[in-house]
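In structure tokens, the next block holds one chain alone, the form predicted on its own.
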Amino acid sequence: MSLLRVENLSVAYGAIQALHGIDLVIEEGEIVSLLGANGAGKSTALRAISRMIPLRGGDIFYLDQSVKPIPPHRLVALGMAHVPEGRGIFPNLTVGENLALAAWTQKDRGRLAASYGKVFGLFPRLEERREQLGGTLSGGEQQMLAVGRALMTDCRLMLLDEPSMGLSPLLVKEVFRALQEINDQGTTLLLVEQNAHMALKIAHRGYVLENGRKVLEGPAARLAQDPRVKEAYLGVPTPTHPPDD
């Protein structure tokens, strides 16, 4: 049984078709990267999977159960967490309050304490700034808080939308190090990321979307060597050969 299965998924914004019948499979324990240019439909796919937007067609199965009738807050309780583009933290609440709000699904005090330990172990700065308002954090710290908030749900599957956006190269490395560690600790990741080099570096597999359609898929190492991916997303021009004499 796959952890997540997306079948023939179509999504539209009014008359504009954003996704055209895409299929995805995410296995337990994987990191899967969803690549594509701006407007390719990557963020739309994540929002559809987490039931933030309606589907026009197709279906999504989480733990072999269709998510169509399940509201977003119930999906969180079932173990799916979404780290949105733009972070979406509560700026007028403290770091501690942001984390506490995300832990509403946890009833066991031992597991709750373990979640706090995991978050602060990955991001010590969040513990240092526990009483600081979220809106006063740096961009990198806010991204750490967004990821930490997802971890507080004790999620089995984490959807991440552009976690490196707007961060310095040093902070990008720190965020990706944390994502690798989160996966090593047992959480499955579906990652939308413009930084294709970093995304493919930590991923097991990947999919490439263009204009709302799936055009490539395969092991991350193979995609990283694909000339089309190299030229479009890794900044490596396709070599040209001079004509034979």
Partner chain sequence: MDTVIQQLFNAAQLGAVYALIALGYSMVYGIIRLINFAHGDIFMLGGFIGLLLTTHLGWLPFYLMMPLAMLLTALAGVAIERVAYRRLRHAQRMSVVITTLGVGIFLENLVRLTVGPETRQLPARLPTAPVLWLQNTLGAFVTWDKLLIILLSLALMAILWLVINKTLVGTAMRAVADNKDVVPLMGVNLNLIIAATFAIGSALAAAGGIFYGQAYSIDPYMGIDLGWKAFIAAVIGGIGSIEGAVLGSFLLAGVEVLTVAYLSSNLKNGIAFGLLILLLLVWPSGIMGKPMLKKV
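Bear in mind the structure is a predicted one, so any value in this text is a computation, not a measurement. Numbering follows the first chain given and starts at 1.
The form predicted in complex with the partner chain is left out here; the points below concern that form.
The partner chain in the predicted bound form is approached by Leu93, whose closest heavy atom lies within 4.5 angstroms of it.
When the partner chain is considered in the predicted bound form, Glu97 lines it closely, a heavy atom lying within 4.5 Å. Although the partner is absent here, Val76 is a contact residue: one of its heavy atoms lies within 4.5 angstroms of the partner chain in the predicted bound form. Put simply, Gly88 is close to the partner chain in the predicted bound form: some heavy atom of it is within 4.5 Å. The partner is absent here, but in the predicted bound form a heavy atom of Ser50, alone among Asn195, Asn183, Ser43, Ser50, sits within 4.5 Å of the partner chain. In terms of contact with the partner chain in the predicted bound form, the residue from Leu101, Ala114, Met165, Leu171 that brings a heavy atom within 4.5 Å is Leu101.
Partner contact region in the predicted bound form: 65-73, out of 65-73, 27-35, 205-213, 174-182, criterion any non-hydrogen atom within 4.5 Å of the partner chain.
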